[in-house]
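Two forms, one protein chain; structure tokens for each follow separately as structure 1 and structure 2.
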Structure 1
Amino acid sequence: MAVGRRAEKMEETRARLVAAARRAFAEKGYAEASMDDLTAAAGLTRGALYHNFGDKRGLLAAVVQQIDAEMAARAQAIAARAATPWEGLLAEGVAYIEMALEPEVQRIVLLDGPAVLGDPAQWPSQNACLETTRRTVEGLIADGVLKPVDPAAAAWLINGAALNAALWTAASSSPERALPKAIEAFRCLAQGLLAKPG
């Protein structure tokens, strides 16, 4: 069948480039990753790259979007298993912390992404992670569980706190020991949003 052998092949090309880019960007960082090497590793050349993604930044954007979508899906699945929406929000945050510990996520999404693409808020296909959190917060405010703060601001700060918790943990001399402390501090901070503390 296939709506065209062309489009099908092109999708595979894009996927292979994105996959190779994920590895290269994660290992060397965006700036140090050579497009020649990267495309060669995918069995292609820079021609394919510029045809599919416009430029190096376009490729990074595609990679970030893919990882972001995976993160949002994981977080949502974890939050859905929680007993209450509030527990879900906390679990979501902890999940972000743990995901952000992966070098790939840290390097690409947290470090190079914002530096090269600008603030995540204005990324094309608006950051899925943030959107997920924002909706959760909105619901909790409507239910009177959280103080009536701006949902977008709160979501951003919660995500930011979680990601910073991960950065701090990763930078620690002993991440194993640091992780529980980071999670504890994160949970404390989050409790500040509760309408009725305790």
Structure 2
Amino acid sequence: MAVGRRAEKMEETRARLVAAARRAFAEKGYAEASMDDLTAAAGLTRGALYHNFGDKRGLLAAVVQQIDAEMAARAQAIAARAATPWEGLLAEGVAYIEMALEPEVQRIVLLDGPAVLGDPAQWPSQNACLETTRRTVEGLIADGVLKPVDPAAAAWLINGAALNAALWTAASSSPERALPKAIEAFRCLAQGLLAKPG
């Protein structure tokens, strides 16, 4: 019983720290968010942060993973409403790119995340998206919708195109003007995989 309560308390502590960090990183950015302010907002100590995440960078990684998972779920829900798997694949990529306009996503996932954590394509949260895309691509190849290319390579390229379009949009001096250009380019690149373009 004590072990269960201890695990529950640890999870609650982690959740409080992630929630406080998410607010602080969105409002101030990673560099300006102080660990003392973060832990105070969560009603915890620096020791709790170090114990659960190692350091501020580890806490950012947890926040990015949480937001990225939410982004993927939202994009997949949009894809699920599409009329065909091909349209769903495009809709999922476009939805991900469009999220670059959301201030929290823009600042934490697309600007601070890569600057602090490195290449987003290497983040653990991207692996699930990649696997989903690979399965979709395999089905589209089997159905003759896409050219018979390597599904893993195509999935990497499709996901990479959506991710980089979102990164480019977020880093633009005018994200609102960059967004339609990024979406158009993403669609054109993806359509190059069609077995019968048009």
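What you see is a predicted model; the values in this text were computed from it and never measured. We call the rigid core the largest set of C-alpha positions that still match within 1.5 Å between the two forms. Just so we're on the same page, residue numbers count up from 1 along structure 1's sequence.
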Does structure 1 or structure 2 depict the form predicted in complex with a further copy of the same chain?
-> 1
Has the Cα of residue 182 moved 2 Å or more between structures 1 and 2, judged after a core fit?
-> yes
Rigid core fitted, is the C-alpha displacement of residue 70 between structures 1 and 2 2 Å or more?
-> no
To one decimal place, what C-alpha displacement in Å is found for residue 191 between structures 1 and 2 with the rigid core superposed?
-> 3.8
Report, in Å with one decimal, the C-alpha displacement of residue 171 between structures 1 and 2 after core superposition.
-> 8.2
